[in-house]
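Have a look below at one chain only, the form predicted alone, in structure tokens format.
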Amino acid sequence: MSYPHVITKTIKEFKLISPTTIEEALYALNEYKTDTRIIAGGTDLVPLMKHRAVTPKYVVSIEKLKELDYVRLVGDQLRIGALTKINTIKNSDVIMKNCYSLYEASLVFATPQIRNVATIGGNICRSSPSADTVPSLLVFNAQVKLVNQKGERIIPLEQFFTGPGLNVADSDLLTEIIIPIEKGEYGTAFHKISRNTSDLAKVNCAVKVSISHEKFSDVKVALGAVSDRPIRAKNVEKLLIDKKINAENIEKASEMVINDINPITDVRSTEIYRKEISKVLVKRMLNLAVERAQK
């Protein structure tokens, strides 16, 4: 029996390149600059190719570059290889101790099956406005290392994204995420609002606060799915710096998030809902981060 209303698509023919070293990968990316995609876990790219939303002529698989799969402390930095699986992050004591909000993000990242395959580098390079790992990285002032045949550069993650699905990488390979570890006491928190446990976020939010003499000495707030890229809520941050920690200041700052975001209405949520829930999320995460900082 045929079902004429069902549209079946197949992946358009492409050439798969499987380098075994970073040098080989960079050569391939430079050689086939146009119509080329990098695949790691493939949890985003493969569905896009099946629906022919993207039709690359060349696909460079970096899954054999095992040297990009690690989580380690190097001095006062936490370094995560781009091929590190989300499940590895979820099970890492180093992540849990030093970047708890990233651990929280890994808990609600898609499904267990996806977490076993998806990589943190892939989640960043997909450059989705709703990427779950990104807000937690933004509040820790994370940087990313980009490598090409001419050399390497390290840039703030906040400068990496240029729009939905877009970033500054050209023939670059993202190899590492670098997170500076702050000395002293701080609290951090992450939460995600979605239609179900495995869905993309309607809104997600990460917060990191440092406290001194019962005042906010530092505040970082980041949100996803409320703009054309993950964003820092700098109006919220500015209002709280050097302010006393109390319900009134947190309430007032949470309302300011409306000036930092520019949400849209789509299949997951409405613009109005995203604006209202952003205020609620920021308030909740600020309170939770403060509670954790004070323990």
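Quick note: we count residues from 1 along the sequence shown, nothing fancier. Given the structure is predicted, the values throughout are model-derived calculations rather than measurements.
Keep in mind the form predicted in complex with a small molecule is missing from the figure; the text below concerns it.
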With the cut-off set at 4.5 Å between non-hydrogen atoms, does K192 touch the small molecule in the predicted complex? yes
Taking 4.5 angstroms as the cut-off for heavy atoms, does K57 touch the small molecule in the predicted complex? no
Heavy atom of L240 within 4.5 Å of the small molecule in the predicted complex: no
Heavy atoms within 4.5 Å of the small molecule in the predicted complex: does D199 have any? yes
Of the listed stretches (214-222, 101-109, 150-158, 71-79), which one has a non-hydrogen atom within 4.5 Å of the small molecule in the predicted complex? 101-109
Exactly one of V94, V117, I181, V168 comes within 4.5 Å of the small molecule in the predicted complex through a heavy atom, and that residue is V117
Quick check on this chain: which one of S130, Q143, S210, T88 has a heavy atom within 4.5 Å of the small molecule in the predicted complex? S130
